[in-house]
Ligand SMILES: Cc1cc2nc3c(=O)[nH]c(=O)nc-3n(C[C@H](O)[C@H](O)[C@H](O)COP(=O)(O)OP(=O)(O)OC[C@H]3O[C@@H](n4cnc5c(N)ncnc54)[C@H](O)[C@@H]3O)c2cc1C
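The chain below stands alone, shown as structure tokens; this is the form predicted alone.
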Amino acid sequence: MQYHPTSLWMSSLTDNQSTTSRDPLEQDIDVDVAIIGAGYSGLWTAYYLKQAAPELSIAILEAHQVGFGASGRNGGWLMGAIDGEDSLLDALSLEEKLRARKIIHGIVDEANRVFQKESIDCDFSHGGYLSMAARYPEQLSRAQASLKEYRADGYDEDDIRWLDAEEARSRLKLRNTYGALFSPHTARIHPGKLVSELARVVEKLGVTIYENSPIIEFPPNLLRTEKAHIKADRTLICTEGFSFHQPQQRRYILPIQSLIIATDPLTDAQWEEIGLQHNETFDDACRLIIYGQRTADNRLVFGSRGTYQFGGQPKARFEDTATEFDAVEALMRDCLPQLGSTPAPHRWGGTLGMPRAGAAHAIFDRQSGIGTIGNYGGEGVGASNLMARTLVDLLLGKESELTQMPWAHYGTLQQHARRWEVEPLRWLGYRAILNTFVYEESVLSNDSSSIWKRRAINGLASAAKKIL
């Protein structure tokens, strides 16, 4: 198997797209804005800040290389959604809620507008999202219950609709397909191309990116790497799952790993058997959180929630995770038995950040000049775009529709986020919940399991999901 230190996405970039040739910071600098992290969050923030205030001097400090974190390792879903959206908008009036949803759903079109304007080629394809009820009957009732919740919360047919078994199979043939939910608010992208192209665009606008320049000291208004100091009027922390390395952020984000595999390119005949003719992204109603897409070069990319390291440290190398990768591959082949013995040689992982409570946020403290965005869960490809736009308006003191949204805050992270529990409680809790989901999958996938056993484990896993 091919284990990639970064991912298939990053290793498949051409020499012209490579993101590993930038110099580290080796002398002191004085800038208007310092951004920590050269992933989607930092790059989108730099882009929109330069659009709004081109006179500002901006430097991005990256501990490794552009796209080293989740931005270069994810599953390639650009979603018009943010983590915790329902709870975040719950207190709003109907009119306010509809306005907020329009902004959230507009993430895909806004990102594509920038792609068109800046000639960013990232294999963008706006095929929508399929959430399949397949493999075992409990997924059908689970998906239909989700649809009722969407309807009760005001989502109409334009946002999400039900596909019966025949229509669902015409789009994607998972094992035992019973039906599916379909939403148009998702597009497929190539993560490596997107992050490298964003870096190219912001550098063209005058932003300087320093790679291999980890921040080792974080006093107010003065940052330090091993070789230089950075004086900045405003500092923006855009490290998400890698926030473990920032003491101010460490307890507010839970770094967990998602594992991804990819097949060799499939033939047209194989894709005719599988579906995804419109490049839809997909999952099924499985609590292990699977996700997949058809790439522009006709691979199947398939991922699932994977591991958590004791102490909450992010993880960048996955050579020691063979058993977990084998489980992801078994789940992929269970979903799509048409794959047969098609090789799936590419394996990689990435660290994403899970909030303790709440949802994605953009926070700026006018007193200290420190801002941050994050809490994306698994939806950071799109959420980072929206939170970056919001953070820019907050930093510039601009009264806008975005700064009126419930994810926009003035103040500190400590005022607007909830901390995770200390170890070993985090590790024990995460392992218990994950093992419950794995056991549920094994029980419900077994047709011979007794009714009482299926109901018991389904109820236990439902309770575990509420905790997570």
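One-based numbering along the sequence shown. C-alpha atoms forming the largest set that superposes within 1.5 Å between two forms make up the rigid core. No experiment lies behind these values; they were computed from the predicted model shown.
What comes next is about the form predicted together with the named molecule, which is not displayed.
Picking from 335-343, 118-126, 247-255, 349-357 the stretch near the named molecule in the predicted bound form, with a 4.5 Å limit on heavy atoms, gives 349-357. Comment: the named molecule is not present in this chain, but in the predicted bound form one of 134, 328, 215, 172 has a heavy atom within 4.5 Å of it, namely 215. The listed set 56, 29, 63, 402 contains one residue whose heavy atoms approach the named molecule in the predicted bound form to within 4.5 Å, identified as 63. For residue 393, no non-hydrogen atom is located within 4.5 Å of the named molecule in the predicted bound form, even though that partner is not displayed. The closest heavy atom approach of residue 238 to the named molecule in the predicted bound form falls within 4.5 Å. Although the partner is absent from this view, residue 312 stays clear of the named molecule in the predicted bound form, with no non-hydrogen atom inside 4.5 angstroms.
When contacts are judged by a 4.5 Å heavy atom cut-off, residue 379 counts as touching the named molecule in the predicted bound form. Annotation: in the predicted bound form, residues 39, 70 and 77 each come within 4.5 Å of the named molecule through at least one heavy atom. Interface residues of 262-285, taken as those with a heavy atom within 4.5 Å of the named molecule in the predicted bound form (partner not displayed), are absent.
A displacement of less than 2 angstroms separates the C-alpha positions of residue 340 between this form and the one not shown, with the rigid core held in common.
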